[in-house]
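Shown next as structure tokens: one chain only, the form predicted alone.
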């Protein structure tokens, strides 16, 4: 196991998981970690897979509470309870389109994973400040960093940079993962401009396998289709996702 800090409150963990890797299909999938098997913190935490090499999986996580802070205190030789791989994958990146990847927060993990697979892709990563970035702003290599305060890369959200990159591509396709406000903005831009887009949705999950129903997301209403039952109106991020096309889901 390796567990290192990448940036402010941002950590990377690598650990051996050969049985999970045997079932791994590709970027977009996630694992569910039981960090503390106690009454105080009994729930698992979903973590996107950031990389797979040999018999090892890498994740990128943010220390925001007691559970993730305890995760940051783990050392080589420690063991961890992991369920996975879970969820579906990004698709269509191999169809010859110009792939534009957009990540924000810990949503950069699946984007970095996909970026390794899509050799000619452009990747845009947003954060509030330079302290939360660990990559270099390198437009000549297709790597664009944005910050709310302009302390590194391009000032502002990821959207203006996404717009300019879409304009420079002949046949763009967008892949995105990050906080809900970012995904809503990417979705709105993509639908308005009729750009094929896949969104990896972040959600709170207790089980990761569809039992707890805690990660429900509303399906987009379609003209002429009456959705009446709960299962007709909602999908589960853990089972039906986390990757959805921009047309499939609605963020309330």
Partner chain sequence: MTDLRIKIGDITFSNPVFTASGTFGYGTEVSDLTDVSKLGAIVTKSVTLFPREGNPPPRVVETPAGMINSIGLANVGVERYIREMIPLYDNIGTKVIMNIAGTTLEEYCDVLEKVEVISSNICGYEINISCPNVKKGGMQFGVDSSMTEALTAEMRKRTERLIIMKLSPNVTDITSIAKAAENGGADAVSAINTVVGMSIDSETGKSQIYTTYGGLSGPAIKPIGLATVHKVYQSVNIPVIGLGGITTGLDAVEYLLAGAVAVQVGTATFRHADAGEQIINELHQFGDSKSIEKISSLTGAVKTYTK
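Numbering follows the first chain given and starts at 1. Model, not experiment: these values are computed from the prediction.
Form predicted in complex with its partner chain: not shown, discussed below.
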>> Although the partner isn't part of this model, could you tell me whether residue 38 comes within 4.5 Å of its partner chain in the predicted complex, counting any heavy atom of the residue?
In response: yes
> Any chance residue 79 has a heavy atom within 4.5 Å of its partner chain in the predicted complex?
Replying inline: no
>> Whether residue 22 contacts its partner chain in the predicted complex should be assessed with a 4.5 Å heavy atom distance threshold; does it?
In response: no
> Using heavy atoms and a 4.5 Å limit, would one call residue 211 a contact residue for its partner chain in the predicted complex?
Replying inline: yes
> Are all three of 43, 207 and 233 close to its partner chain in the predicted complex, meaning a heavy atom of each within 4.5 Å?
Replying inline: yes
> Of 83, 154, 117, 135, which one comes within 4.5 Å of its partner chain in the predicted complex, counting heavy atoms only?
Replying inline: 83
